[in-house]
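Two separate entries follow, structure 1 and structure 2, each one form of the same protein chain as structure tokens.
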Structure 1
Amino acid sequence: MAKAIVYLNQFFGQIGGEEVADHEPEIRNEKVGAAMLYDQLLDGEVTHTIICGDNFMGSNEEQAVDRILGFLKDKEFDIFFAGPAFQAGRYGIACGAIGKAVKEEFDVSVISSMNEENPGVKMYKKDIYIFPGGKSAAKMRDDVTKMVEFGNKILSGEKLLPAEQEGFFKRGIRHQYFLEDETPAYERAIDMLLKKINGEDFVSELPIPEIDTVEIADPIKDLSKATIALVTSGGIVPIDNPDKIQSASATRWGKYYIADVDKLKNRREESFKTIHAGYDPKAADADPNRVVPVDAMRKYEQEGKIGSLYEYFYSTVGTGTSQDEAARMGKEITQELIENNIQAVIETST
């Protein structure tokens, strides 16, 4: 039988109201409060209830999450429910924070419910399933019912429908989908075009998402003392591609020693080449410095413009590589660079 664990705050965990919002996380081997309702509706059993004060989670999130993950380590469970949090902001954020952590640590589905006004929706809808819920606890049964019906569907292995049909907030996760009515793209395109011409409403199949912004790094004060690294998504690797970096949809990266190199030698000299499948490799194979400008960096090093060029360059392949993978690889490379006291990076892309 499927096993579920439910997360509640101090109020719904029947500890009390605002005065006990500092309540430390605990896990109980029983169904407390709404956990009873979950248990009634679930095709399975709620085995434990986790209770944590909203303020405790709010002001010690890392500690709270760690402790709760610790509670769960030796528990078997197939699904995790958090909330519903209605319009309670701190509770919503707590449900999101713990839900995200549980999903990442244990790879189980996590389902929550919040009112659309709850700030937890915006913060965590990408990370866990959040269903739109009522404003107050009067909607407890309705909200939990929606959550559990969806949970039952996941547990049964039934194929999940798009977000708009299942009802949870869109998570920014897009998959291809065969239309039931088989309307071909040419009909959809003409329909959209005529509506646009006539000033009628239409729905784009690819709504433009918000553009990411990144905090701007401070400028380097003294370049002549800085060690600078080269990083590329252009797929330049030693001729035998020792790290087996994929030619497209890469999940791996490599670092290659260049401390003794004035300029990168090419494919014919059996040194470096590109394994990137998204562009014509001829020019990069003939002179890899066109993609990873080791030669120019050495010149600036000799001239004293920069302190030094870092002894490794880092490489992966950009084509078809998902943003998540790229971000992960970027973080891993950054970690190494920081550990080695690198002040700046020139990233070349193709």
Structure 2
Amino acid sequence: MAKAIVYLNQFFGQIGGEEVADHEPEIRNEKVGAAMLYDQLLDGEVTHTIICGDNFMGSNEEQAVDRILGFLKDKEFDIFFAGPAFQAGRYGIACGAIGKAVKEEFDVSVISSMNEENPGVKMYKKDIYIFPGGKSAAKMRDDVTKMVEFGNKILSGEKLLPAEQEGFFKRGIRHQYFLEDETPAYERAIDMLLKKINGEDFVSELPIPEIDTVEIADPIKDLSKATIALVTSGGIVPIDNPDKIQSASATRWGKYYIADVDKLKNRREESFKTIHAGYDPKAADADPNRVVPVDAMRKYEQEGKIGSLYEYFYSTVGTGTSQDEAARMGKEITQELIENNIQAVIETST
């Protein structure tokens, strides 16, 4: 019987939420949480569940990966599942990191699922199979079902089809194969050309990725005379979050007056905090200048390295935010900056 091992974060491993995101890696000789669903659908058996906190993996990736690979050295398994990670960025990156390491160390197929907006997709789709997934755990059964159906196909030795047909994200890996009808390449090329000339739909055999290019701005001639603005996707807002910016999948942004502020006060002093749900808030809440460096910019101002710090900083949340919404908000903020003759922007994240 085929054997599988499942990787989960602290939440789906039923340890707890953000308060235990520093949970160190562990392996259990049982099916925990989502691992039970994998076991129900798999043509085989889930033998172990690996659990690791998202913060621990993010802050100690090399150590976490080494420990998990150590757990697996004496285990027999034919396939490895990670996630699904939905839109959770830290979880997606963790699934990709451990998945890549397991693939390289043990040469077994690794399958995950992430929402298309999850940064783990772009980082790891070339290394492991990643299926498009839902935004939240509401799609758990659907996402796991897709992963396991593909896993069963691998375990049975069936011929795997191209990414478009199997449903996983394209990995940029090219294979040579022969068409069943043996139509020569020149005939296929002429057929595509005629369809293009006639305005008909056709599919290229050599798709070229679309690249969103941005023109490089001219350098600032004299920083000592420039007005600089701070813009962040780190979710730093006044303590009452007056613009009701969402902690994930944001559709709103805010701007906050700092003309008379030498440094941002922390949450305890009831000034600023982070509402970002994609990283551990402790450091940012203790000192919001770590994300929006007003204090450092004031020093540059005093030293004459910059002309001035703009009287507002702009903030939103990046985790789970769609590209379309991010582009819209970016254009809206940029328009304000241009209208106020801002010469440069320092963008900070998490």
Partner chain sequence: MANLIPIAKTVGANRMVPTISIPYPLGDPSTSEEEQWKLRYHRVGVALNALTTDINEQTVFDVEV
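Throughout, rigid core stands for the largest set of C-alpha atoms superposing within 1.5 Å between the two forms. All residue numbers here follow the sequence of structure 1, with the first residue given the number 1. Given the structure is predicted, the values throughout are model-derived calculations rather than measurements.
Q: Where's the form predicted in complex with the partner chain, in 1 or in 2?
A: If we ask which form is the one predicted in complex with the partner chain, the answer is structure 1.
Q: If we fit on the core, is the Cα of Val317 displaced 2 Å or more between structure 1 and structure 2?
A: Comparing forms between structure 1 and structure 2, the Val317 CA shifts at least 2 Å.
Q: After superposing the rigid core, is the C-alpha displacement of Ile27 2 Å or more between structure 1 and structure 2?
A: No, shifts by less than 2 Å.
Q: At a 2 Å cut-off on C-alpha positions, does Ala296 qualify as shifted between structure 1 and structure 2 after fitting the rigid core?
A: Shift at Ala296: 2 Å or more after core fit.
Q: Just grab the Cα shift of Met192 between structure 1 and structure 2 for me, core aligned, in angstrom.
A: Its C-alpha shift, to one decimal, is 2.5 Å.
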